[in-house]
Structures are given as structure tokens and as C-alpha cells.
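A lone chain, given as C-alpha cells: the form predicted alone.
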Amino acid sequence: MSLTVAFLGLGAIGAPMAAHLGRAGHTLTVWNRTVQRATGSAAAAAGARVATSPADAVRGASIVITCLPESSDVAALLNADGQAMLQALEPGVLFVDCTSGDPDTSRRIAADLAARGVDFIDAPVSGGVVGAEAGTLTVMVGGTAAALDRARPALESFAGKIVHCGEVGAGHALKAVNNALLALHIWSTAEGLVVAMKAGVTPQVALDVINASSGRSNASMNLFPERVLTGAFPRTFRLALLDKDAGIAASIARGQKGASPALQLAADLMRIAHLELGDEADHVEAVKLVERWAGVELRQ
């Protein structure tokens, strides 16, 4: 089933997602703040038209997909330049937000779009650059089942797993919780390896045991052997974005007035690491702060 798709946001994750849509045979228009990134993207190479503006991108599209750093960026696009993009959206269009955003903003955007006859689903993704390039991302969707059914042919172009999580905002809430857990896994694994190292156990031996035992996680099984122990930190997901996501999870928990000290701790630690290491640090580089505080280096 061929769709007319507008894709806005060609970052490290969005660019390969858009390219998969083009290769799947959908009629694709792409837009990015940096024009050179759009014209030089794999999506453009796959035949996508490069739009001159967000309004130009969405005009005539049946599905609009955004993949931006945060929800405020999506809201800003819709309200920029006299709401030109919002005005260009035709009634009946489906708006799919793959941004790792926050539920409250998503619900406000959904209400504004509904007033124009435009359906909205939040559909953040997990799997990183590797998953985006392989077309195996996990997509967690908030919105109606009918809207998801409409989006599914597009989502299947880059997804290995699509899960309907609930109403609008549910996908963004779950993504934030997932990433807060990622933050906790990275930090706690680093602390554990430092403790083991100071007790005379090498990080390699410690990981060998942990990854065959109940303390294992994706961080210990993949991120630490491939990045921390080698000292290679490819820029696949910025620490600034993990800070943002952990903060969203903690904010949701506070709004529910429940006791969630671990989620709050994840948010606090990622904020400290982000401030210490800067905007361009990769998320796994948070371990450098653990090493700095402990006075040891895990790389062997």
C-alpha cells in the first residue's frame, strides 16, 4: 500500500527511518532544518522530494511524520510563521509524532489538530541508530486503534515491533520510562564495575559473570563491552536527550503523586552528567562521571 508521506526531522534516527519509507515505495517528501542534511540524505537518494519549508512538506500528504528532539520542537513547527504548517494540513491527514516527547504536550497538540480534522498518534521509537538503519525499531503508539491501523503501512517500513500502548500520550510516557531505566542501567552498571574493580576484579571478568547472571541488562551486555571497555563512544544518542527523557519520566511520576525515588534519581544523575559532560556527549559517556568520582578508569 503506497502512501503520500511527509517526514520532518532527519537526525541520526530520523534519516534512516525516512530512507526506509522511500525504499518501501511510498511517495515521500522530507524536510530538515539543515537543508544540506536533507539534500544529502539517503531518503533523497531513494527518490524523496526535499521540501523548502514544513508547510511545503506537508501540503498534499496523507500522513505526516515528525522525528524531532522534543515535543516543544513539534509544537513550534506547527505555530511558526503564522501557523503556515498547521494551515497546510488538510482535514483527514494523520499526524504521527515519532519524537521522544512528553505526554502533556502531545495531548495539547492532538487537541489542536483534532479541531482541524487531523488525527494524531504519538509513536516514539526505540532501538537506536542500529535499529533505525536495520528497520527493526520498536514503535510504542498512543492514540486510537483506527489511527494506528492507518499508520501501520508506514510504520512497518522501519519497525520490527509495533505496540499499541493506549490513548494519546501513552507512547511518550512509556518511552520516557524505558529511557529512565536505560539511564539507571548505565549508571548502576558503571558503579558496580567500579566497586568490583576496586575489590580486585577486572571489568571484563565482572561483566562476564554479570552477563551470565541476574544483574545483566542491555547496557551490561552490549553498551559496556562495545563502548566503555574499548573507550569508543560513537555519537548515537546524545546524553542531553537521555537527560530530557529521564526528566519526563520523573515529571510524570511526580504528577501521579506516587513514590518513585529511582526515577527521580535517574533524572537527577543524568542532569548532573549532562551539565558536566556537555551537550554533545553520547549517553553512554555518563560513565565517565562515575569514573571521575571514583578515581578509576574502566577501559582496560
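Quick note: we count residues from 1 along the sequence shown, nothing fancier. Bear in mind the structure is a predicted one, so any value in this text is a computation, not a measurement.
Separately, the form predicted together with a further copy of the same chain exists; it is not shown, and the next lines address it.
K.L.:
Choose from 43-51, 22-30, 266-274, 56-64 the stretch whose residues reach within 4.5 Å of a further copy of the same chain in the predicted complex, heavy atoms counted.
P.N.:
Going through the listed ranges, the match is 266-274.
K.L.:
Consider the chain as shown here, without its partner, and state which of I109, A173, A132, V228 has a heavy atom within 4.5 Å of a further copy of the same chain in the predicted complex.
P.N.:
In short, A173.
K.L.:
Only one of G160, G117, G215, P153 comes within 4.5 Å of a further copy of the same chain in the predicted complex by heavy atoms, so just point that one out.
P.N.:
Filtering the options by heavy-atom distance leaves G215.
K.L.:
With the partner left out of view, is G166 within 4.5 angstroms of a further copy of the same chain in the predicted complex by any non-hydrogen atom?
P.N.:
Flag for G166 set to yes.
K.L.:
Is A145 part of the interface with a further copy of the same chain in the predicted complex - any heavy atom within 4.5 Å?
P.N.:
A145 lies outside the contact set for a further copy of the same chain.
K.L.:
I'd like to check something about A80: if you look in the predicted complex, is any of its heavy atoms closer than or equal to 4.5 Å to a heavy atom of a further copy of the same chain?
P.N.:
Because no heavy atom of A80 falls inside 4.5 Å of a further copy of the same chain in the predicted complex, the answer is no.
K.L.:
Do L289 and a further copy of the same chain come within 4.5 Å of each other in the predicted complex, heavy atoms counted?
P.N.:
Looking in the predicted complex, residue contacts with a further copy of the same chain include L289, since a heavy atom lies within 4.5 Å.
K.L.:
Let me know which residues along 164-190 have a heavy atom within 4.5 Å of a further copy of the same chain in the predicted complex, or say none if there are none.
P.N.:
The stretch 164-190, when checked against a further copy of the same chain in the predicted complex, contributes H164, C165, G166, A170, A173, L174, V177, N178, N179, L181, L182, L184, H185, W187, S188, T189 at the 4.5 Å heavy-atom cut-off.
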